[in-house]
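Single chain ahead, written as structure tokens, the form predicted on its own.
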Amino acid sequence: MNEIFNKPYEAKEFEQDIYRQWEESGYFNPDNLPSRHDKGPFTIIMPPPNANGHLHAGHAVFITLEDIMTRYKRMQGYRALWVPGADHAGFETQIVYEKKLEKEGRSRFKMDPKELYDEIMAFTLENKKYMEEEVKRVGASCDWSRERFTLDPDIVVEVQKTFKKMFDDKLVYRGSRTVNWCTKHQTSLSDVETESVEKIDKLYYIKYGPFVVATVRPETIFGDVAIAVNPNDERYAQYIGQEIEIENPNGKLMVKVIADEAVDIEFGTGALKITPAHDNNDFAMSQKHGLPAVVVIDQFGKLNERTGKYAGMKIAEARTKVVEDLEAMGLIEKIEEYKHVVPTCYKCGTTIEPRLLPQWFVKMSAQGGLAEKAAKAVEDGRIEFIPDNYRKIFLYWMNNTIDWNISRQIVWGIPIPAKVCDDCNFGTAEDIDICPKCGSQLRKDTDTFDTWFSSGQWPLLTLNYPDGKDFKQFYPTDVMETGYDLIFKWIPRMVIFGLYLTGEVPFKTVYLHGLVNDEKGKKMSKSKGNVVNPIDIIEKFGTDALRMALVVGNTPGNDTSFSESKVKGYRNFANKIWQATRFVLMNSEGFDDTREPQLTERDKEVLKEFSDMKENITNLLDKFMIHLAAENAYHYFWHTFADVIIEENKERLKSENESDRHAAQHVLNTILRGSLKFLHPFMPFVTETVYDNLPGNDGKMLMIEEW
């Protein structure tokens, strides 16, 4: 027996050396796998972690789940490819860097764009190195020779080619529409980059000629162009189509009364003031009714020169002053408290200010268009969701989508390869210098792509679409495993681009995991001080213990709670594997595994139960019930093998009956070696270490043994 088993298992003594052996073997690369691996490709594209900081518990979950899938398929004989990557993460990384600049007393708004870009690139590449080392610490058996970064030059070229193709296909257009604007970060955001927050605001009832309108935004009164009522509201039928005079603190104004089914008769007085430039719903209504849009709030959230004495005031201050003046004019009928949902910037919490801005949009909702094709692919069963209820969520999102704003007013990202006209807002992806609409000089667009525009093409780009060998061999991929929060943000983009560019779905199965909360079920956040650093946990308890704690009890699509006590329990399990191995090896002297054993009926029963357990774990993994597979593997090894079978055979191992002793040795060695195989995807380090030190293995690697 190898003397390393004479002391308790200490993960930190073995893990990094084992990972180095895996890397040096070359078997993370499917091109290097032995000839037994002939069942065809199995491919997972890693959701690329942001290259702007360290891993968190959520990263450890997806790495563990995807590694389990990859190791399982590799052992089954598939040419398993798991492609790692790193995301430049556009807006999110720029915010991280802006915080660094603030601490240094600098501002991105006072920097040359190229200087800022170069600084962020250096910062990101440095953090990328740390992040990738941490991915390795969690045991990821991904092919590092194929690692990609979303700003690799060839990827940038392909992303820009896609934009030009979509422009030529009339799927991308430039238009002036209200967009979600963050006044702090000075950029537009898509709907999925905002968070809805319930707030209590004042609801002001303002006298508008013969009407009383209810609004939470009296400061936008200077941009009002109409009053809208429901066509079925008999109270206002006589006014529909008329122009009426209203008063505001800057004087009198003529507005049109329009009828629209979108007006809720029950809200307020059933009459709404319409401010197209500063409300998304009002803008949509103005487009339908041919109304102008009057901008009265600037990009910094201050009232502009059109508002007279209020110019330069921030929104909150202007609201107070306008209400005071309206009250003095006798135009406020009443004020109520009003609970409503307000969109905020998902990174800083600033209330979103709808802003009329020329931007690039992807046409999503046209009949027979991108969203409809994505929905049909799912309806036809070409993509399976785990859990299945997310299929309905995906379809709802696709069936109720709006055109996607892909312009970002930030430096850090892939530049939009277009030219724009500042005089008429025309935009083109063609190589021309003069605006064909107004004759002005075009300039290069300085906006960058929404990060989801590039990451939406990730399954294609990582496999070297369109002409690469990997693309031809490994696309479409098998599984996209990611967090359920990305059902709105990332999953639809990948399906859309996959279908648009190749006619094929990018993956066959979408596996969605939940959030990792603290042990009390509370969301982890730095402000609460309850964030778990997976590397700290690994240092304390070992990688295998962390992986099991993150997987057992973690059902697809649901949040899971994390506690150190749970990890500690699985560290003890790793040591149990070690001790059981030690016992079996100590009692296997003279064992000849080539000799046919004389099995008892109980031996046959035990081996049949073991065979059934292997089949059960296989079936669970095939159904992506990973949490149950891990739990069953754990319980079988500890509570059946160690607690029952080993105990039952202790006396037989001392028997004078050599044939009976040999049968007992056969049973224990068979179950030990077989258990190491079905435990390996979940606990790769301790199982590989044990396997490496079993007699007769002579350099064999468990990671490529037959499942």
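Quick caveat: nothing in here was measured; it's all calculated off a predicted structure. Only the largest set of C-alpha atoms that superpose within 1.5 Å between the two forms is called the rigid core. Quick note: we count residues from 1 along the sequence shown, nothing fancier.
Omitted here: the form predicted together with the RNA. The next part is about that form.
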> Is Q242 close enough to the RNA in the model of the complex to count, meaning some heavy atom within 4.5 Å?
Replying inline: no
> Hey, in the model of the complex, does K39 get a heavy atom within 4.5 angstroms of the RNA?
Replying inline: no
> Is H54 close enough to touch the RNA in the model of the complex, meaning at least one heavy atom pair within 4.5 Å?
Replying inline: no
>> Using a 4.5 angstroms cut-off on non-hydrogen atoms, would A642 count as touching the RNA in the model of the complex?
In response: yes
> Based on heavy atom distances of at most 4.5 Å to the RNA in the model of the complex, which listed stretch, 556 to 564, 349 to 357, 472 to 480, 137 to 145, is the contact stretch?
Replying inline: 556 to 564
>> Considering non-hydrogen atoms and a 4.5 Å limit, which listed residue (K419, K256, K614, H627) is close to the RNA in the model of the complex?
In response: H627
> Just one of E504, E519, E126, E605 has a heavy atom within 4.5 angstroms of the RNA in the model of the complex, so which one?
Replying inline: E519
>> With the RNA taken in the model of the complex, which residues across 337 to 373 come within 4.5 angstroms through any non-hydrogen atom?
In response: Y338, H340, V341
> Against the rigid core, is the Cα displacement of Y236 between this form and the one not shown at least 2 Å?
Replying inline: yes
>> Does T269 move appreciably between this form and the one not shown, meaning a CA displacement of 2 Å or more on the superposed rigid core?
In response: yes
